[in-house]
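One chain follows as structure tokens, the form predicted alone.
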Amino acid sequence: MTTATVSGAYPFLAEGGLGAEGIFIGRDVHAEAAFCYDPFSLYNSGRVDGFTNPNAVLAGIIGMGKSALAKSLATRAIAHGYRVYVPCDPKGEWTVVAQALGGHSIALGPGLPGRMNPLDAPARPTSVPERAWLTEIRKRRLLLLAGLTRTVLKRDLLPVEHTALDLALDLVVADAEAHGAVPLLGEVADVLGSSRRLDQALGDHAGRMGSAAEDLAHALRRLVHGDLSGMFDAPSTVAFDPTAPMLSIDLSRLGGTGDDTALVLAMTCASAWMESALADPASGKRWVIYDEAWRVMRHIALLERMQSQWKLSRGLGIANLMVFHRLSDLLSAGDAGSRGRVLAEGLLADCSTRIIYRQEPDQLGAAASLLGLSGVETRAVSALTKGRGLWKVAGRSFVTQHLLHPEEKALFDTDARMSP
């Protein structure tokens, strides 16, 4: 047989590897060689056909080492000059990692001093004209408001409701600029609930839009007077430091109930605040890690935010990493053909790197279908041991054993409470 035929019949035995450039991951099991990975290098070099973006997805059942791999990638990426951002840390596991690497973590929750205004306007990149930047800021704020209200109302917004948000935001921004202040979510809720101010702004359509605005005002009330009050409806007490090697948002105080609406609202606000600093392409190359990403699969507003960042990753110099347990979590976004399912499948399609740790036997079919695994690859996934994963990089397959330094192993230990 020719080498081309052999490489098709035995993909793991005939693979030449990705080269030695990039982050050291561990050992290529079949090639018995070091395995290195750097999405930015692969994208810019063009060495791997079909590598169209730097985004990655990581899936694996609990206890097989996927969290250690994500944290190891982040730790070693910093050594290569990259910065790392974790917009949402639902379990608080990234705090110790960020602090150990010279970064910091912002903890948000009831009774904590941290305040984060998601309507903050980021500094304008030098390459963007002022008028265009003001338009971009308004668009981001409207996207945030629509996402928050949609999450609470659990439905899509009506056209008249979008119009009400537009006008309420413009009124609040105008007031803030007149007083040299920054707009706040509570002020938007007050305007939506104020029939007098809306009547003046809406003219002949006031009666109809006033009713729509009332629903929106009640939707935002949870962030102003409910269980999330004080966290996102006040001026920020923290500042985004773009020079920090790592920054994480600790939301572990909000994830203890069966209803994850509060956590999703907080994730939406926190990601909006953090993404504002990612818009400057002059800030260097960065990793953005979405841990416990299965939590967002049922919420279209968050999926839309992630889709926007996935699409802009190349222009912004960002590598997004989405981490969850089962690939079938993508199917929880909705029925086939629904908006949520299309968004979730789009995120997967926009990941040139797929890393699969061991899956439960009843999940192998979904994994093979979503990723297009061959029979050989599916059997390999079912037999993976701890720390060993199947890496599919633009269609090329590797079985890689992740190697941890003893200090990394101690820092990343998520089983400490289970130890004697």
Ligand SMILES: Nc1ncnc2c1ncn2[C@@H]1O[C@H](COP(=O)(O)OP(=O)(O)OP(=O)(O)O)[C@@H](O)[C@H]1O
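If you're wondering where the values come from, they're calculated on a predicted model, not measured in any experiment. All residue numbers are counted from 1 along the displayed sequence.
Quick note: we don't show the form predicted together with the named molecule, though the next part is all about it.
Taking the partner from the other structure, the named molecule in the model of the complex has a heavy atom within 4.5 Å of a heavy atom of Gly387. A residue is said to contact a partner when one of its heavy atoms sits within 4.5 Å of a partner heavy atom; Lys66 meets this definition for the named molecule in the model of the complex. Contact check for Ile61: a non-hydrogen atom falls within 4.5 Å of the named molecule in the model of the complex. For His162, no non-hydrogen atom is located within 4.5 Å of the named molecule in the model of the complex, even though that partner is not displayed. Here the chain stands by itself, but in the model of the complex one stretch of 96-104, 163-171, 67-75, 335-343, 67-75, has heavy atoms within 4.5 Å of the named molecule.
In summary, among the residues His299, Arg140, Arg305, His325, the only one with a non-hydrogen atom within 4.5 Å of the named molecule in the model of the complex is His325. Residue in contact with the named molecule in the model of the complex (any heavy atom within 4.5 Å), chosen from Lys91, His218, His80, Arg115: Lys91. Counting a residue when any of its non-hydrogen atoms is within 4.5 Å of the named molecule in the model of the complex, the hits in 389-406 run Gln401, His402, Leu404.
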